[in-house]
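First comes one chain, alone, set out as structure tokens in the form predicted alone.
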Amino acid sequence: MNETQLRERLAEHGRLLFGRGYSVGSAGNISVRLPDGYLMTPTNSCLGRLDPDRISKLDPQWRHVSGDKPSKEVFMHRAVLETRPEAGAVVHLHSTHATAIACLASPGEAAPIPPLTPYFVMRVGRVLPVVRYYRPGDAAMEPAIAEAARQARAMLLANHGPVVSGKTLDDAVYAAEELEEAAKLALLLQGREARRLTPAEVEDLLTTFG
């Protein structure tokens, strides 16, 4: 896609995520890698009402060059996209069930959601690190996010929410949606003897689908 198409797709995904309740008010932000920099949702913007023409653009050094001022959590996206050169987009949401897991899990935990479904393993992976709590907008979390991104495509920020990367914008959004559904299942099944995918079944999925 060219930049204009990506702006439109970003706004479309924002509307859908907001409509499903995966972000509320001005919560959540999305970034996309471009050949000449990055697109990012503006600060204090609502994912449900994004104007494609006003989406922030940053240069390769993450300097704001056009559009509205970018999200105050630009460092979060920088940490992931610079650590994972294969990633083309990052989605940060405050989706209810994933955030609930982020409140229950211990910082440093590597797999707070069990492998219950194949699509969770295929889209999110084997590891889902939990980054310790930082105040929203605190740039001090950047090294911790970069460290988590070295281990996995997605992570949970303690008491905050999920951060998910993908090869493309579509991939990142689909993975974020899958993470939310997996978190919902994990909470619904808490305290019950649910069947988990075996290590061999997880390995087969990762070998087959990457």
Ligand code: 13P
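Since this is a predicted model, take the numbers as computed values, not measurements. From 1 onward, residues are counted along the sequence shown.
Below: the form predicted together with 1,3-dihydroxyacetonephosphate, not depicted.
Enquirer: Among P118, R123 and E180, does every residue place a heavy atom within 4.5 Å of 1,3-dihydroxyacetonephosphate in the predicted complex?
Expert: The answer is no: none of the three residues contacts the partner (heavy atom, 4.5 Å cut-off).
Enquirer: Consider the chain as shown here, without its partner, and state which of P107, P136, G88, P112 has a heavy atom within 4.5 Å of 1,3-dihydroxyacetonephosphate in the predicted complex.
Expert: If I apply the 4.5 Å criterion carefully, the residue I get is P136.
Enquirer: Ok, L34, A152, A27, A144: which has a heavy atom sitting within 4.5 Å of 1,3-dihydroxyacetonephosphate in the predicted complex?
Expert: By the 4.5 Å criterion, the partner-contacting residue is A27.
Enquirer: Want to guess which of 123 to 131, 67 to 75, 99 to 107, 80 to 88 is within 4.5 Å of 1,3-dihydroxyacetonephosphate in the predicted complex, heavy atoms only?
Expert: Contact criterion met by 67 to 75 only.
Enquirer: Look up in the predicted complex whether N159 has a non-hydrogen atom within 4.5 angstroms of 1,3-dihydroxyacetonephosphate, and give yes or no.
Expert: Contact check for N159: no, nothing within 4.5 Å of 1,3-dihydroxyacetonephosphate in the predicted complex.
Enquirer: May I ask you to state whether T43 is within 4.5 Å of 1,3-dihydroxyacetonephosphate in the predicted complex, using heavy atom distances?
Expert: Yes - in the predicted complex, heavy atoms of T43 and 1,3-dihydroxyacetonephosphate come within 4.5 Å of each other.
Enquirer: Within 89 to 106, which residues have a heavy atom closer than or equal to 4.5 Å from 1,3-dihydroxyacetonephosphate in the predicted complex?
Expert: Result: H92, H94.
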